[in-house]
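One chain comes next, on its own, written out as structure tokens in the form predicted on its own.
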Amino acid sequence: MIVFIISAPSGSGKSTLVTRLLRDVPSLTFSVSYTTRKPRGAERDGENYFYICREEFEERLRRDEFLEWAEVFGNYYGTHRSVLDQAREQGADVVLDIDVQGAAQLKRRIPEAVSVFILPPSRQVLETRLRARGEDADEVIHRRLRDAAREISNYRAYDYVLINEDLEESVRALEAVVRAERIRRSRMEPRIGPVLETFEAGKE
């Protein structure tokens, strides 16, 4: 099982890319995080997040139930340990959509996890995307832009960096990362063995 960590500033198009990745690449499961924030728009419990109260989240923290967690904009977010067991049972690799704080924690726990950072083409493009969503007041947008600058400074800690300028190109690049890592990890041993045997037989 491979753990794929996807991080990006809010508004970078990460959710769209992850949705396409899960649709187009087989044997991937998405880790639904827990959060104490309220649902937005058409978000649904158990699909976008598991929405719980602050007290319950803190109780789960005390029980060490989370692989990683962070407090962002006054709300908790966390990845439950059970996601790994579920992925193993399904015979799937797991995709986690988490911020830079959570990614750093998870890398310490699972050093072999593959991390991908998604960059917007520029600050101006990111601001345009945030405003186009129509979800946040000006002060929130400016705070997200400040946080984006901080998050982007951590890009060197990631295994891969994608600039999401063209959606289709970014989708192809992200899918290529997953497929390449699967080949690298498996080394295709079941198929390589028979090939090597033919060369051994040729020595006779």
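Keep in mind it's a predicted model, so treat the numbers as computed, not measured. Note that residue numbering begins at 1 and tracks the sequence as displayed.
Omitted here: the form predicted in complex with a small molecule. The next part is about that form.
Within this chain, Asp166 lines the site of the small molecule in the predicted bound form, having a heavy atom no more than 4.5 Å away. Looking at Arg133, you'd find a heavy atom of it within 4.5 angstroms of the small molecule in the predicted bound form.
At a distance threshold of 4.5 angstroms between non-hydrogen atoms, Arg129 is in contact with the small molecule in the predicted bound form. Residues of just one listed stretch (21-29, 176-184, 8-16, 191-199) have heavy atoms within 4.5 Å of the small molecule in the predicted bound form: 8-16.
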